[in-house]
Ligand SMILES: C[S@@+](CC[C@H](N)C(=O)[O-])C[C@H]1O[C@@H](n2cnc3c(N)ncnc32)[C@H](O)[C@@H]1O
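Okay, so here's just one chain, in structure tokens, the form predicted alone.
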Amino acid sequence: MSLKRETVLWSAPPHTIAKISILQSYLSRWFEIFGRTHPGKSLWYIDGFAGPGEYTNSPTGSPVAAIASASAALQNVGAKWWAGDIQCVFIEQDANTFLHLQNKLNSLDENPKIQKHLFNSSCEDGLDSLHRQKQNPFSPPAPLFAFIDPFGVKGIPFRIVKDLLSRDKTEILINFDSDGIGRIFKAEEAANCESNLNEIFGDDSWKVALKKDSAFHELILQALDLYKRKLRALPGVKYVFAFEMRSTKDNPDYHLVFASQHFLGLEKMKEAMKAIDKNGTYSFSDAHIGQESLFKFNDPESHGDRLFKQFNGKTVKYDEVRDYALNESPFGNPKTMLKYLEEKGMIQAKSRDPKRRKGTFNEDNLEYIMFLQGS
């Protein structure tokens, strides 16, 4: 949903607080993993729409969450930190908001291993400026996580996303304003539809993907489905997952879209989602066309049946099943779904371990999984 910024600070709704909690939880994992495994490499975080750094009802906006995650990771890893410094880039266009952000970041405890780069500009211009810096994450490529959270539907052309994801070890979390995109599509030229949607999707593929006679909720899922397919079409980007943030069960707000080149990234992102306390003031949806079900991290049955339909009659390697589970289910791996299917006699697993117990799936020992035809 597109909003107009009225003041420097505003009250964050519950789903915004949840979003920042997810970001902070995930970044802690991300910094720790790369900090242990990339000797001498700087780790980069980019916040493309940084905001003021806090809200009237919360001291922790996304920039503060990123700094806190970086500090926690450095402390937790300690002497085993092999990477270089953590470079945090904050881009904010509004002058008054940018000034508040500067003051907020200056009030935080300094850590010499956390370097801050601030740009008072649009996201696109800020990234261009970063490209021109002698120290940047693009040349040579460095581990990079980008949080792209525009205040409304505009501001993140697909060419920017494509450029960021063109490098190895880059991940992106995007606030995809599917509601706003649906409204632009319905308004047609009154909302400069063609120009705006061409920019968001990178071409005019939306003209075929979005159906004028669709109900509005169906339309926004069509937009999301197209965006996910565009991301997966980028070289190396195999893991794309979207989840809908809702203020209530029947009131969708927006989708968060995560894209990565490595399965471990999506595993850890789902761990971060699962760790957030669900207090009833917001919820996740599985964001599938034709599916209204909310996330259930402890319900393998319904998703297990969908997994079986995907591979019915096929014999596949564990990695293929894992990738499907990551991209198309709430789970970080397929094991609970496979256990359910094996108990139902719908699959057979071939393992190198002669002592394997039914319902256990050690990926290092699994040779293949057979999905029995017509079960």
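The first residue of the sequence shown is number 1, and the count goes up from there. Predicted model only: the values in this text are computed from it and were never measured.
What comes next is about the form predicted together with this ligand, which is not displayed.
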Partner-proximal stretch of 234-242, 114-122, 186-194, 220-228 relative to this ligand in the model of the complex, 4.5 angstroms, heavy atom: 114-122
Selected contact from Q261, Q93, S71, Q102, since only one has a non-hydrogen atom within 4.5 angstroms of this ligand in the model of the complex: Q93
Contacting member of G202, P150, G182, P300, with respect to this ligand in the model of the complex [4.5 Å, heavy atom]: P150
Contact label in the model of the complex: F331 to this ligand, heavy atom within 4.5 Å: no
Partner proximity in the model of the complex: Y340 to this ligand, non-hydrogen atom cutoff 4.5 Å: no
is_contact(Y324, this ligand) in the model of the complex, heavy atom dist at most 4.5 Å: no
Close approach of A66 to this ligand in the model of the complex, 4.5 Å, heavy atom: no
